[in-house]
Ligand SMILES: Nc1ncnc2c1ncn2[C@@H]1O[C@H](COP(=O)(O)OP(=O)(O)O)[C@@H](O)[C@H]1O
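Below you'll find only one chain, the form predicted on its own, shown as structure tokens.
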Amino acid sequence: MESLKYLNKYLLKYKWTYLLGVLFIILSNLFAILMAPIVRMAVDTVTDSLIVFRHFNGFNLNDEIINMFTGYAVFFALLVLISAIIKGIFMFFMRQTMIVGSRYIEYDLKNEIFDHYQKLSLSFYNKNFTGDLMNRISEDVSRVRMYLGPAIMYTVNLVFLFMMVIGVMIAINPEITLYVLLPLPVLSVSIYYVSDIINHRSDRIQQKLSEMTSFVQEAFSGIRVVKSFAIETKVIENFEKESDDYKEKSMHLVHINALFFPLMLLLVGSSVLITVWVGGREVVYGNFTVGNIAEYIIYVNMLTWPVASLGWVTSLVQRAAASQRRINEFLSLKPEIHTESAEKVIFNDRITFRNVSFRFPDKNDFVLKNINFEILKGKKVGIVGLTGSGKSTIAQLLLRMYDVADGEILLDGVNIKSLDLVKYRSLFGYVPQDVFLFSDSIAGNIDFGLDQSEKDGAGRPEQIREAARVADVLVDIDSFDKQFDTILGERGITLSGGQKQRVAIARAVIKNPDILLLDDSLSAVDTGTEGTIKQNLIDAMNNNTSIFISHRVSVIEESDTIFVLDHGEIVEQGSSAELLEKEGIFAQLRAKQQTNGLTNGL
């Protein structure tokens, strides 16, 4: 129960909903119990009427006795019907409060988990599978809801029903009550052990389901790779193996479930038999009536499901505790990168890398070593180097996706660690190396980074078109049947690689950011389109700071300052002309790429 204590804040939040549910439970049980004495009186009245009828058999009073008997029967039937209706009404209200309350908490908990996921840093997502994250926010939360709804409701119902029913039964006959209740503890304990086995097997099934979810998610996300390598058959075979394992575990659970209801019916039947046997004997001795036997059978049936559910509820609580433990595992994680501040974040002068070194978590080797450079406001900066030289890492550090291991990054002389994270990142318009588009319209993807107030503005369509023009993707979009309303597939699969990159550039440009950061985001376009986009960006971002990161010299050679990276160190810096004069790495890289370009052209 330790892990479930986390939910107490939600129970406190919705305390009046749950307290009202408890009131409805009491009233529902009160009218349920009321039906048993009515049935007893009805049975005893019928029995007595039959005795009287036999004594007056052949007399004129028989008709009057039959009419009286009919009247009593109708009266008691109406009382039972009214009690059942009122009980049903309060039972409806009971579920409407406690089950609905659990749904409210489920809603709040899912939002809390999702909000917390958003705050966690990239290293968290590098360590965990998407399928597992999805399972915790869906399947695990659903298990927790079963504790907050049915488990609590049936437990409270059992407590009050037991107190009320056992009290009435003892008041009638303590000895018979003891005999009648003997099988019920055995029923509860038996179901508890069966439920415990069910719980363990359910956990294994849940784990397998999480693995299958991750497998399917990866298979669908990488469908282009699967088809291009023509390995659909192999993927299907792997999925069949996963499915067979899942089926085998599920069948084991089904076999255990098959014991549940027969066991319950056997023990319930035992209580009814004891009631009839002991009660019948007392009737013979004159200490009991036939109506009492009927009354006791009703009480036994009333207690049977709550007692039987005790084992089931215990299983629900165990499963909820296991799920909440998994949820708490992530909720207890503190964001590695998080700063909140009321102060505004404004870029006035320069960004400074001072003695910056960095290595990824759980890695020993440094990706960047003692990096020192400045990016002045309004300038065009290029960062170039071979694959693995640390270019993209600089982009991640600029956005503070990771914090530096040594040194510091300053914005106008202030360490970015002390700046509000959201406000700081809002300075950037970022186009990542691995472009990601959402399953939304093209327009929705382009204006994704805008505030809602900006999206609702009258000039939004014009802004979107202008951003698309700057990214040189407007002609492509206009050629689609639905143009900007075209819905993209998952991860933008509808578009080509070059089109996805240009839509992502438009998404960054529409923000009119203080700093435009492009991380190798022109790699999928041809040289002609590259030149057009570069010129459009220079014109559109004339007064803004632009940072071009690329392994292609042609992308960055018009920058005011170029930094050349090699094995995590800045080995050269200056303008394109200055670097060419040095005849160093930059000049060699440019010559090699130009030669390759000419060769490809031939």
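Since the structure is predicted, the reported quantities are computational estimates derived from the model, not experimental observations. Just count from 1 along the sequence shown to find any residue number.
Although it is not shown, the form predicted in complex with the named molecule is what the next lines describe.
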Using a 4.5 Å heavy atom cut-off, state whether Asn135 contacts the named molecule in the predicted bound form. no
Is there any non-hydrogen atom of Phe160 lying within 4.5 Å of the named molecule in the predicted bound form? no
Does any part of Gly279 reach within 4.5 Å of the named molecule in the predicted bound form? Heavy atoms only, please. no
Quick one: is Gly101 in contact with the named molecule in the predicted bound form, heavy atoms, 4.5 Å cut-off? no
Sole residue of Ser83, Ser389, Asn292, Gln463 within 4.5 Å of the named molecule in the predicted bound form, by heavy atom: Ser389
So which of Tyr402, Tyr179, Phe448, Phe75 gets a non-hydrogen atom within 4.5 Å of the named molecule in the predicted bound form? Tyr402
Within 4.5 angstroms, counting heavy atoms, which one of the listed stretches 501-509, 113-121, 363-371, 85-93 is next to the named molecule in the predicted bound form? 363-371
If you look in the predicted bound form, which residues in 119-134 sit within 4.5 Å of the named molecule (heavy atoms)? Asn126
